[in-house]
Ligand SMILES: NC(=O)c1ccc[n+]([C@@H]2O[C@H](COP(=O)([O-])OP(=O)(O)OC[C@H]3O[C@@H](n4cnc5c(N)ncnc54)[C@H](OP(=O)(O)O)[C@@H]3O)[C@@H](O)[C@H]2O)c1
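Only one chain is included here, represented as structure tokens and corresponding to the form predicted on its own.
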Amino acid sequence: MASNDVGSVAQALFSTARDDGAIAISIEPRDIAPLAADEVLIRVEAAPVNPSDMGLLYGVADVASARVDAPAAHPTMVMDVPPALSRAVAGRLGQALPVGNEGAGTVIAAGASDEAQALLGKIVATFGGAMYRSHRTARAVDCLVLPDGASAREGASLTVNPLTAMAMVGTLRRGGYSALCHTAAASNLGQMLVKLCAAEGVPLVNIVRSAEQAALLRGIGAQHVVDSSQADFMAALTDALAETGATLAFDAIGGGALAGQILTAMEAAQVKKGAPFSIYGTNVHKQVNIYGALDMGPTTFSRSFGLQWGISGFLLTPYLMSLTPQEVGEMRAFVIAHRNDIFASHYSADISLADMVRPDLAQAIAAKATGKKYLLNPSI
């Protein structure tokens, strides 16, 4: 289908911070612009609801206050922003922001270039935002083509979590580290990391928050699993870090004391392994990279781990930008090849765009419960 044949309207999900102290989530029609020569039009059939999507979708709003905005022109749900957090949305007031980092679907129209035309009828995955809509325009070069016979469901989560897991291992390799530690390890990403590290021969310490999560990870082959809800958590964490030698951690929690506890346990592990005494701590650098915000509170720690340490943020996009196009291409090819084993995603329910403005479902999504991952099909 040529670009001048496209004249339909997409139904799209937007999140808007309003000046009345609320965030409005609405489904609105948007015209589909004519395609450029290097663009394709994707009928979106599968898009995961990730924690990173929720950060834009709900922001700092109180999801418990979610309610239907009956007078709105389009299907809309609103939720209140606590006054104390109003500054956090000041920069986005009045802006209808499109939502959805990644997804997959069928290419139903293409621009005039050979690269775009070659994708007609193919199932492709893509990312870059605005995926929570019935139709999404994308550059052909930004599409990951799935093998014949693969479904959009298989391609829905082939960007954010798989590439993040690979970036964690890549950071380890680049930094000369020998092992990893990961928090919220029973998540979809955490399970991918367990399988990837096993395949790559990288020792991995997994921190979970319940016996059920620990059993889940051991069931897929995890060797070092530490439960933060247990009384012996710090001792068990120290033992696991000493055994693996992990001095690099990736933290999905963000707020609270966990990042500091990991650094403390890393220092204790080095002492346990025989590091010489110094009033400045061991001479081994210990690093925690925070890449999530499951806890929106302050990150707190007491400096009981010497002076060789660091806490920093970590984001996938800058990591990918530091690589060559060939390296990124190799990562994407690896992800596609392992979409049904290392990087397989599991979903607890399939939902529609209309479901995204249901208060009860918003509260269930925002709970971020392990094993409760939702897959959006905007085309139904």
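Numbering starts at 1 and follows the sequence shown. Everything quoted here is computed from the prediction, not taken from an experiment.
Missing here is the form predicted together with this ligand; even so, the following discussion is about that form.
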Query - Contact test, all of Q213, L315 and A369, partner this ligand in the predicted complex, heavy atom 4.5 Å - result: yes
Query raised in the report: Considering this ligand in the predicted complex, which of A186, L237, L248, A110 comes within 4.5 Å of it through any heavy atom?
Result: A186
Query raised in the report: Which of N206, T164, T126, T264 has a heavy atom within 4.5 Å of this ligand in the predicted complex?
Result: T164
Requested in this report: Specify the contacting stretch among 66-74, 47-55, 351-359, 320-328, defined as having any heavy atom within 4.5 Å of this ligand in the predicted complex.
Outcome: 47-55
Report task. Using the partner position in the predicted complex, report whether Y177 sits within 4.5 Å of this ligand, counting heavy atoms only. Result -> no
**Report entry** 4.5 Å heavy atom contact, Y291 to this ligand in the predicted complex
**Finding:** yes
Requested in this report: Although this ligand is absent from this view, report whether C143 comes within 4.5 Å of it in the predicted complex, heavy atoms only.
Outcome: no
Query - is_contact(D295, this ligand) in the predicted complex, heavy atom dist at most 4.5 Å - result: yes
Query raised in the report: Can you name the residues of 144-160 that have a heavy atom within 4.5 Å of this ligand in the predicted complex?
Result: V160
